[in-house]
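Listed next as structure tokens is one chain, alone, in the form predicted alone.
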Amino acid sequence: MTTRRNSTAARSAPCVLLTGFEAFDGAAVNPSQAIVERLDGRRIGGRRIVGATLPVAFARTGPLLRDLLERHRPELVIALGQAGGRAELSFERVAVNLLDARIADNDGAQPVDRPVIADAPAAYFSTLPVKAIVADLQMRGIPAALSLSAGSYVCNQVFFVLAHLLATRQPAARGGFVHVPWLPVQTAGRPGQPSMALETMVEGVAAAIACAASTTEDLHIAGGSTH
């Protein structure tokens, strides 16, 4: 009886949906997937983490994300993706309604100059307290920064679809996108390129979840760019 009550309580706890991506472009790993696998099932700030790995496929990610949101009804959603060449956890501020793929996805599709969702707004802003999260992570010694571009590949598509679904179907929920660096093993053939240990990324994402869950109003501090 105790186990059953505990199991029921765990399922009824507020939910944080955490998504990552499978490997793509010939790579063997994707750090965003590894982070999700480490945090799936954990409880952070009284909230249960539900992890899911999305395909790097333009046609399939939107329906899968919609199903996840409808099934779990999360309070928070944090989508992760790999951004090789970046040295910190990058908290994206803007999703744009544009697909312009430099390379084909894992299904061979390569859309160019197409909207993510026809007749949707040109852009959406993250509803996560991104400045507060970055400040918290930097205080912990975890490299973190704001970013004004989620690109125009599947990462941006997921960010835009997520923002659109939250705005139109689940307005009480908040969500956003985080780009993560390469793992050290991924830079073996890329001299001089930055990377980050998986343990550091997991710690940073967990701290971001805790900060987002406890922060309803973002910091009002300068965080823009001059270029």
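So that there is no doubt, residue numbering starts at 1 and follows the sequence shown. Since the model is a prediction, treat every value here as computed from it, not as a measurement.
The following text describes the form predicted together with ligand PCA, which does not appear among the structures shown.
Taking the partner from elsewhere, residue 155 is found to have a heavy atom lying within 4.5 Å of ligand PCA in the predicted bound form. Not displayed here, ligand PCA is approached by residue 81 to within 4.5 Å at the level of heavy atoms in the predicted bound form. Residue 35 falls outside the set of residues with a heavy atom inside 4.5 Å of ligand PCA in the predicted bound form. Within 4.5 Å of some heavy atom of ligand PCA in the predicted bound form lies at least one heavy atom of residue 56.
Heavy atoms within 4.5 Å of ligand PCA in the predicted bound form are found in exactly one of 159-167, 188-196, 42-50, 25-33, that being 25-33.
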